[in-house]
Every structure is written in C-alpha cells, then in structure tokens.
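One chain comes next, on its own, written as structure tokens: the form predicted alone.
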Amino acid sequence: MAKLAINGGPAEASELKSRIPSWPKASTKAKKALLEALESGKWCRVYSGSKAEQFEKAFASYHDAKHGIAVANGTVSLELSLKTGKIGFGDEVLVPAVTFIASASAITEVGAVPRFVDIDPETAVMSPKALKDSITDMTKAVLVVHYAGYPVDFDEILPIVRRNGLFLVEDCAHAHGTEWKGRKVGAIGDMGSFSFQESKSLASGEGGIVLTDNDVLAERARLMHNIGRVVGRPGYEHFILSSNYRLSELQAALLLAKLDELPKEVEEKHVNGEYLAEKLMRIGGVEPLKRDQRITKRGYYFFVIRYDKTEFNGLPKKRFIEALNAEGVPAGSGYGMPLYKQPAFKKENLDTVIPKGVKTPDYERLSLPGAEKYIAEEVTLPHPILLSGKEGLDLVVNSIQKIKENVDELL
C-alpha cells in the first residue's frame, strides 16, 4: 500500500503539472496581434472599425447573440447590464448566495440592494424554487450566475422571471462556450455579462463584454459605455451622463487573436470534463455536479467535486485538499464561503454603499441551507487541468483513489 505524499511518500500526480498548459497562454498569434495594435498608434476604441468593434461582433456571433458591447472588465459589465435595465437606487436584485463578490457588488454600485437566493447544492446554481420564494414587491431584477460554467435551469427560471416582469442578467464570467439545449448562454436572458480576467477561459488580463439580442438595450448600453457619446461620431457630443466602460484596443486585439482558439479548447474541456466526471463517480464520495442532458456544452472555470467526508472515514475537507495538493493535484475550495458571510456584508460596512433610508436584508443573520451544504462539500480544480488530456485526468483520479485507500494515515 503506497504511503501518501503528505506523509513523505511518492506523489501520485508528480507529472501532472507538466501536462497542464500554462495559463493564460501567450501564443505567437497573440503576440503578433498585440504588436500590430501597439504599432498602429490607435490604442483607444474611438474609431469606427476598431479592434474592439471587430471583437464585439465576433464574440457575439460565437455566443449566439445579436449584439456585443466590450468593456473594461467583468465587474463593470455587470454594472452596465443593470444600468441598461434601468436598475437603480433602492431596487432589489436577486442574486445567488454562492458566487464571486462582483455579482453582488455590481448591484450595490448602481445603488440597488442585493437579496441572496439559495442554490441547489447538486448544481451550484440558483434554485428555481428559492428564486420563486424570494421575490418581493421591491424586486426589479434577477442576476443569475452560471457558476463554474454550469448553466441555470432556464426551463424553470425564465417563466418565473417573465411572469413577474423582472429584468434578467446572466453572469457568464465562468461560462465561455456553455450551451443550454444547443444555444450558448449570454443572450438567453435580457443581458449577459462576461469577464476576460487572466484566469478565465478567454483571457486578456482584464476586460469584459455585455451581450443582448434586444436592439433597444444594445443601443442604450453602447451609449452608456462611451460616456454618452456615439462611437465614431466626431466632436464632444454627449447625449446622456455616464461613465467610461470602454475596452482598450490592445486588449481587443489580444482577445480577437485568442478567440480563434476558444471553440477547440471549450470542446476539449467539455469532452474531458465528462470523462473525469464518469471516473470520479466510480470512486464514491467525490461526485461531480449533477449531470443534465439539457447542458449540451459545458464551458468551465472550475471543475467541481462534491466531497462527502463520510465516504472518507470523516476526513475533513481541508485535510483532503491538503493531501490532494501533496499528490500533485492543484485543488482548491472555490470562494470559500457564501457571500452573506463576507465581512463586506456586515452592517457597519454597508453604510457607504447602500443609499440612506433603504432597507437591507439582515445579512449577518442569514443562513441558506443549500449554499452552506454546497460550500461544505465544494472542492475545485482549475479549468486548464481539463486540457491535460485523459492521461493527466487519470493522475487526478488515481490520486483521489490513493487517498481514499490510505485515509487512515490522515486521521
């Protein structure tokens, strides 16, 4: 019986690191595109036919959307989506309790109030039942998150949203390439928001984009994102008061070059994700997210493992992750807590972001069972691991099997 690496034995996945591509990848094509943009002398997208405009059209087309508006980062793409939907002071926006904090901070940045909705611990995304039960007279919008690239159940969510006349924003920061019943996410709701931060499946350091199929929303978002100016129109004519959300030409050139690689990588990660999920289900106690045939393509940010410590003789999740890391597997625990447990949601820290006189939920007393169960079980693998090939994924599986077989060493 092999000794665990955490106790001085040989690492089962010592070769895995060399199989995982470095991320973000700096290809020859990307370097050439950056240099051409740099030497062009046009670094701002204020020109018609800009690289940003080209990228908007290309990414929107890839994601089955009519319109794209490229912006500076994924957080402001959420803010622009909410502002475009006329969500503002005192409005209530429903958002899942498990997500990156920008999903909620974008709501407070437009003067609205986030109200946390429980998730389904088997899928990591907003529970349709919890959504239905959370709607109040103050609710004006729903911001769903395709967490880890797993899409929400649109068959259940969309009727609830439409029946209540709510504005639907999709946070797709984790979901590049994800499909629901053959259609890519991003413009299934009213607006969709993507991030291109360096850890994402399509990366330019920072950057983001808003997608929509609605002509009126697209026109409004374009005006807002450019300080109230019409792109390509000369002079200093501002039709509305707004901020500057523009993406730079250097980032747009980089994204255009890297977009060509994305479909192939999404397909490879989807296939390998299914392979890893099937292997893990044989072990027991390390279940993937629930399989759903309506998810016809799974984009990834995390590959999620739901760790059941009872299958590992009560071994705490933290210790399991430490043992997995020692074997050479770069596992983590997602964002670590439901958002309502973040210090940012303590009452004394909300005074500067919530308008005076606006009532907020008592975040500090909040306890959502689905979210807390999920967080207790969540183990995450970064998406580039799915590009390590089946041989690399076998090393992950073998490492987990080794830990399970030798778990008494850790107790």
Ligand SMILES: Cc1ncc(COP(=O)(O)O)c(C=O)c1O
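None of these values were measured; they are calculated from a predicted model. Quick note: we count residues from 1 along the sequence shown, nothing fancier.
The next section is about a form of this same protein that is not shown, the form predicted in complex with the ligand.
Distance criterion of 4.5 Å from any heavy atom to the ligand in the predicted complex singles out 200 from the list 279, 341, 297, 200. Checked against the ligand in the predicted complex, the candidates 103, 84, 178, 251 yield a single residue with a heavy atom inside 4.5 Å, and that residue is 103. Contact with the ligand in the predicted complex, defined as any heavy atom within 4.5 Å, is confined among 267 to 275, 221 to 229, 190 to 198, 130 to 138 to 190 to 198. For the chain shown alone, residue 167 is not a contact residue for the ligand in the predicted complex, no non-hydrogen atom being within 4.5 angstroms. Contact check for residue 75: a non-hydrogen atom falls within 4.5 Å of the ligand in the predicted complex.
Remark: residue 312 does not count among the residues lining the ligand in the predicted complex, judged by a heavy atom distance of 4.5 Å or less.
Under a 4.5 angstroms non-hydrogen atom cutoff, the ligand in the predicted complex lacks residue 184 among its neighbouring residues. In the predicted complex, the ligand lies within 4.5 angstroms of at least one heavy atom of each of the following residues of 146 to 178: 171, 173, 174, in sequence order.
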